[in-house]
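Before any questions on binding or motion, here is one chain by itself as structure tokens, the form predicted alone.
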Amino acid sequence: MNPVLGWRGVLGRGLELVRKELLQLWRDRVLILFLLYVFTVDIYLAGSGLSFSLHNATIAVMDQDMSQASRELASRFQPPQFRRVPAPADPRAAQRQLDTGRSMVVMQIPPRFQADLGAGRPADVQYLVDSSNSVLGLLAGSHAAEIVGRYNLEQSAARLAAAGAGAGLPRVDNAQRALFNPNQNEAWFMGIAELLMLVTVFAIILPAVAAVREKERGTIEQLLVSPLRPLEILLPKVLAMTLVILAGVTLALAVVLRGVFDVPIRGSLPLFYAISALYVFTTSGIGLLLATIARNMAQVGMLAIMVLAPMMFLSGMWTPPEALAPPVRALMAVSPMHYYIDAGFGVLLKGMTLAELAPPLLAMTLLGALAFGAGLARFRRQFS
């Protein structure tokens, strides 16, 4: 057979199968609406609805000194971080406010607070925090420590200046500069993180659903008795779903990330699309592997959750690798999402180049090739 004609035949059959997969997806209007929702509304909600900052934490101040110094300290707990609520009458009432959630923080300033400061003695302030939500509790404690620490330094400096001993003291000016997100806009991080997570989810689920649908309808046997090889059956499904996911990425970038959150795209968009296409193509091997195990759509969903949960926990998106235990940190090396997160943020926010992203891309490609090869091999064994 003429090799040119042979390749033309393979290419023609592949394009027709890609067209068939896209038509099947288009006829599933519920799935189309779901894709539109997650790549627009879901990313918007993630970027605008989640916050890692402290806002309007309710604080009750038990000022038992009622002096100028105690009032000045209490007045520094201001919005947007804190919101004052009526003070409790006694420690038991303060505990009840914490227990019932009416106050997140109770600060108790003891009697003789101003007198102790004036005499140069330590002045204690008790700060009770509801840490049932550990993230908010940690933020509230950190902000309080900063406010009280700054107040303490000002009082010490004023006392030394009054004694004529503060002029020659050493001083350190801390100049901070936030790179890549100077305003520390959480919507930038959350919007991009949600987009990268959705790409991962659909890179696994859509090819698996496309393959299992053939099982449920009994058309997989018809494909297998045709002149098509297993690779020719699976590859169009992956290519079609890759095109669908990239269309969703385009919608999210244009409408939400750029249009709503004004995220600056500092790197090359073609490079980001190429990385995303490579990631979807290789990660889809996990979905194909799940499709060879599952017998119906419900089983695909359960197996996908079992795979996606550890991938997300090991991605480094929410917890930096340095904060994990060494055995868990070692497992991050086998999570392709970990490398995609680094590459995605590197291109979109940092403007990194292909040469700078070579190590994570190489690892991501290697893991994806192993997953795709395993899915293809199991498919061949299952239906041979």
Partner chain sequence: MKAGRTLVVARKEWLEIRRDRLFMALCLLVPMVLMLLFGYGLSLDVEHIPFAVVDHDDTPASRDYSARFSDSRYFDFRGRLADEGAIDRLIAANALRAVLVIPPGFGRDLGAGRAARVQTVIDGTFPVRAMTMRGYVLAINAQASADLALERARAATGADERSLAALAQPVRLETRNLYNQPLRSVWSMAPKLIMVILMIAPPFLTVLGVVREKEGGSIFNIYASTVSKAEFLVGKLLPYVAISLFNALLLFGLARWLFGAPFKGDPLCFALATAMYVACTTGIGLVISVLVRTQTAAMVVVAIVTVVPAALYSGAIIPIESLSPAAAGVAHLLPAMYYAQVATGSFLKGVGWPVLWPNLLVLAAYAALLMTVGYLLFSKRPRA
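Positions refer to the first chain, counted from 1. Whichever C-alpha set is largest while still superposing within 1.5 Å between the two forms counts as the rigid core. Quick caveat, the model's predicted, so the values are computed rather than measured.
The same protein has a further form, the form predicted in complex with the partner chain, not shown here; the description that follows concerns it.
Proximity of Gly301 to the partner chain in the predicted complex falls within the 4.5 Å heavy atom cutoff. In the predicted complex, the partner chain sits within 4.5 Å of a heavy atom belonging to Asp342. Within 4.5 Å of some heavy atom of the partner chain in the predicted complex lies at least one heavy atom of Leu160. None of the heavy atoms of Asp90 is located within 4.5 Å of the partner chain in the predicted complex. The stretch among 121-129, 234-242, 250-258, 269-277 whose residues place heavy atoms within 4.5 Å of the partner chain in the predicted complex is 121-129. With the partner removed from view, the residue among Leu246, Ile265, Leu98, Ala74 that has a non-hydrogen atom within 4.5 Å of the partner chain in the predicted complex turns out to be Leu98. Residues of 337-368 that come within 4.5 Å of the partner chain in the predicted complex, judged by any heavy atom, are Asp342, Phe345, Leu349, Lys350, Met352, Glu356 in sequence order. Shown in the overlay between this form and the one not shown, fitted on the rigid core, is a CA shift at Leu153 of 2 Å or greater. A displacement of less than 2 angstroms separates the C-alpha positions of Gln78 between this form and the one not shown, with the rigid core held in common. Taking the rigid core as fixed, one finds a CA shift for Phe281 smaller than 2 Å between this form and the one not shown.
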